[in-house]
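One chain is shown next in structure tokens, namely the form predicted alone.
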Amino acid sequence: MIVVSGIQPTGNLHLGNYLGAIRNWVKMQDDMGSDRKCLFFLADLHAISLPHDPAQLRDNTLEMTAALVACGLDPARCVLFNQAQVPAHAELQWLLMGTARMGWLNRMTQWKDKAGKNREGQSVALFGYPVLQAADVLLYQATHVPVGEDQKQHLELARDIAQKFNNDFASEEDPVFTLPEPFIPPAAARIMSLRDGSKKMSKSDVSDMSRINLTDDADTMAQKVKKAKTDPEPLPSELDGLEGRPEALNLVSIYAALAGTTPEAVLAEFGGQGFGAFKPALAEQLVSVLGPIRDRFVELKDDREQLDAILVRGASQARELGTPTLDAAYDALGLVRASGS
């Protein structure tokens, strides 16, 4: 079992990133036996598909490395690296460009969302972004890719590209690429904005009050919870009572995810109580879980030498793991790859 997943280094991680993805990465790493290998990467090549500040991208890459380690990723137990130090990602993307089809990419929902009405003005990199995502996982013969609902379409594209490449240039007995399966962690939490329960918590939201950042101190977390949007009704005793109350459901879901329990169990404990009682309890849970992560992050974030060393070591491991697949792809296409490259 080979698990591969990445995250763009676009700024602070927030509670939604942690509960929805990073915590599950840590669990996969911790559960890793001899039959599982986990690779997690900072998608800095993806980041240049949109306008960016080069210096900020470099700083964000190191900062997010610190955040991931603070959350519990252990470079001694997983492969943690950034794409730019593994040129095989970009090489394989180009090799797959001959297999990917314009019609497939035109159907990508995220392309339509990010491009908006000005598609002609977008970069080719943004259009080809899903092919790089395919290369990211196919390079390592990934068997499983952790995905949320918004990434399922991209994984399906990766499978389509892999299948067509194998059909066109390899044999059924000796395929070049493994077709990756989606891995949807059973405890993955969908965390919504503190200001609007119908929208996902996002670092791109203009309001910092909409999210809990992993860099927030205890007082800031408590203030954000205190000011989180709610309704005047008390909490119900059963989950059905939260229908049509998205903000209340979000806060209950956050509490349950932090406490390692279920929304039903939270309501059994707090049913009948108002948010004046529930919010302080939620703030206490947040500080208990995120406080140690923040402290470790503050300790790590300015140690650029250590962070660089983590990424260099991880990239070396990734290059070694990806080389056989890249060689096989070159060979299948009738290309001669420079030795030692």
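Position 1 is the first residue in the sequence shown; the rest follow in order. Heads up, when I say rigid core I mean the largest set of C-alphas that superpose within 1.5 Å between the two forms. The structure displayed is predicted, hence computed values, not measured ones.
Unshown form predicted in complex with a small molecule; subsequent notes refer to it.
Enquirer: Is Tyr255 one of the residues lying within 4.5 Å of the small molecule in the model of the complex, judged by heavy atom distances?
Expert: Looking in the model of the complex, residue contacts with the small molecule do not include Tyr255, since no heavy atom lies within 4.5 Å.
Enquirer: Going by a heavy atom distance of 4.5 Å, is Tyr129 a contact of the small molecule in the model of the complex?
Expert: Because a heavy atom of Tyr129 falls inside 4.5 Å of the small molecule in the model of the complex, the answer is yes.
Enquirer: Residue-level contact is defined here as any heavy atom of the residue lying within 4.5 Å of the small molecule in the model of the complex; does Leu80 satisfy this criterion?
Expert: Answer no; every heavy atom of Leu80 is more than 4.5 Å from the small molecule in the model of the complex.
Enquirer: Since only the chain is shown here, I'm wondering whether Ile2 would be in contact with the small molecule in the model of the complex (any heavy atom pair within 4.5 Å).
Expert: No, Ile2 is distant from the partner.
Enquirer: Please pick out the stretch from 226-234, 267-275, 140-148, 213-221 that is in contact with the small molecule in the model of the complex, where contact means heavy atoms within 4.5 Å.
Expert: The contacting stretch here is 140-148.
Enquirer: Only one of Lys203, Arg195, Arg245, Lys164 has a non-hydrogen atom within 4.5 angstroms of the small molecule in the model of the complex; which is it?
Expert: By the 4.5 Å criterion, the partner-contacting residue is Lys203.
Enquirer: May I ask you to choose, among Arg190, Arg119, Arg101, Arg107, the residue with a heavy atom within 4.5 Å of the small molecule in the model of the complex?
Expert: Selected residue: Arg190.
Enquirer: Fitting the rigid core first, would the Cα of Lys200 be found 2 Å or more away between the shown form and the other one?
Expert: Comparing forms between the shown form and the other one, the Lys200 CA shifts below 2 Å.
Enquirer: Superpose on the rigid core, then tell me if the C-alpha of Thr262 is displaced by 2 angstroms or more between the shown form and the other one.
Expert: After core superposition, the displacement of the Thr262 C-alpha between the shown form and the other one stays below 2 Å, so no.
Enquirer: Rigid core aligned, does the Cα position of Gln85 differ by 2 Å or more between the shown form and the other one?
Expert: Shift at Gln85: below 2 Å after core fit.
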